[in-house]
Each structure stands twice: as structure tokens, then as C-alpha cells.
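For reference, the chain that follows is the form predicted alone, supplied as C-alpha cells.
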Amino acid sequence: MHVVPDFSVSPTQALLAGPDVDLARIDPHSTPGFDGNKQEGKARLEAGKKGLSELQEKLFAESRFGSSISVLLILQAMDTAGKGGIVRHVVGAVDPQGVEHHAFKAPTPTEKKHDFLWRIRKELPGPGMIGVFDRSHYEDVLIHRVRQLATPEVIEARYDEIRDFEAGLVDSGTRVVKVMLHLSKEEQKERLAERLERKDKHWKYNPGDLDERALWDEYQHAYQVAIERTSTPDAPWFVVPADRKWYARIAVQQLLTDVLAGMQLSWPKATFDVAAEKAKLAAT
């Protein structure tokens, strides 16, 4: 019987990014805590689906009996880093009725009339749900910093607002998992080239991606500052090396599994006499 390799160090420890993080020292091609190869990584992903799915079902079941807890997974990354793959291959392995997914695009004229967190609050996960944000409120301190869409004073104030906002989420029972998929510039070039070579990937290509790519160093600095300012003990950042898609997927899968396991979830107890119901069923 083949034994599927496990993490020697959980991503919850290996990928934790505190205020002292240095993105330049993190190798996007590395696989922290996992010594296996690509095939073993794929096997690890498959093996981890059952445990994650069961924990998600417990979270959902508890909400039907009064629990208000939930999980919010925030995915931030440069284009082509693999956010969609995380949603499909990791989150997609659990019951879809227990997931609320939202991809934040450029704000609409209506959204621009409100503060930057207004549209975020509208999409927060309900009790028992795993919420997934494909991009998030962090766009308002990343793009806005790089593109100078807001003044430095406004952006600095937003870091404080974000910390307060996320602290409030945690206080209300939402566990916040923030993931930066850390891609190398070289790998992004290869992935963009693949989108241009393959007809089935042309729909994914956006000429505007090259405009953002031209500002690569500025974005890396913006991520560096955002993580420094907003990684807290209750709402930490995790920097996940993303050059190897298979590693990023098993890392995020384990992050979700760890946070759910830490919530001490259990199956709700029956609110009826089980023995009596068995007897009635047998008589039918």
C-alpha cells in the first residue's frame, strides 16, 4: 500500500507571514514543509479532500442548530497565480451549498459612492459557511497604492480600517484566512505565453495584464507593506509559494483544514428520541 506523503511542517506554521515578512526572501518555486514531488502532491490533495469535506459539513450542520461561526478565505495574487485553481480544486471539493464565493472586480459607480468596505460587508459569509473572496478589500491598498488612485494618507488610514474590520469579523465568530499566492515574474511570463499559444485559453488572456506586469516591482512592494500593516495574530497572512500549482493547492487545503479543525466542530446531537424513531421506522 502506497503511503501518501504528508507535510513535515504544517503550512499554518511554515507559511505564516508576520509584520516582519520579507517577500524578497521567499522563493516562489519552493515547497515549504513538503518534501514530495508533483505526483505525490496531487495524491496529497486527493487524500485531503475527505477530511476537509467532513469538517465543512460539520460547520454547516452546526449552523442549523444555532451556531454563528464561519470561515472567510481571502485570496490575493498577481494575475495567473492560480486563484481559480484553488477555488476549483480545493474549495470545489466540499459541498457547494456550504460555500459562498465572490470575485471582486473594479468597483461599480454605485459602489464608489460608499466607503471601500461597503461592498465587502455585503458579501461576508453567513453562519456555517465558508466564504471565498477572489480579490478583496486589499485591492484598495494594492492597486490604489501602485496606480496612485488614492493619496498616501488615505491608504495609510485604510490599513487601520482593515485591521479594525477584520478584528470585528473575528470577534463575531468568523475565522479569517488570508492567502497571498506568491508567484515569480518568470513563471507569470510562461503562464501568459501559454494563454496566447492555446486557443482554449485565449479567453483568459487580457492585454491589460501586461500593463500590470510592467509594474511588477511596485506591486511586490505594495504586497510587502500590506502584509506588514495588516497581519495580526487573529487575522494572519500566509504567503504561499505559487510557481508550482500543485503545492499551492495542497498548502491552501491544509490551511483550511487546520483552521476548521481548530474550531472544535462536532455533529449536532439529535433533538429527538433516536431509539423511538428507529422503532417507528421499522414498523413502516
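So that the term is clear: the rigid core is the largest set of C-alpha atoms that superpose within 1.5 Å between two forms. As the structure is a computational prediction, the values presented were derived from the model and not from experiment. The numbering used is simple: start at 1 and walk along the sequence shown.
Same protein, other form: the form predicted in complex with a further copy of the same chain, not shown, and the subject of what follows.
Contact check for residue 104: every heavy atom lies farther than 4.5 Å from a further copy of the same chain in the predicted complex. The shortest heavy atom separation between residue 114 and a further copy of the same chain in the predicted complex exceeds 4.5 Å. Contact annotation: residue 152 falls outside 4.5 Å of a further copy of the same chain in the predicted complex, judged by heavy atom distances. In the predicted complex, residue 46 stays away from a further copy of the same chain, with no heavy atom inside 4.5 Å. Considering a further copy of the same chain in the predicted complex, the lone stretch of 117-125, 154-162, 138-146, 201-209 in range is 201-209 [heavy atom distance within 4.5 Å]. The contact with a further copy of the same chain in the predicted complex, taken as any heavy atom within 4.5 Å, belongs to 56 out of 56, 253, 231, 31. Of all the residues from 180-203, those having a non-hydrogen atom no more than 4.5 Å from a further copy of the same chain in the predicted complex are 189, 192, 193, 196, 197, 199, 200, 202, 203. The two forms, fitted on the rigid core, differ between this form and the one not shown by less than 2 Å at the CA of residue 22. Annotation: Cα of residue 272 displaced by at least 2 Å between this form and the one not shown, core superposition.
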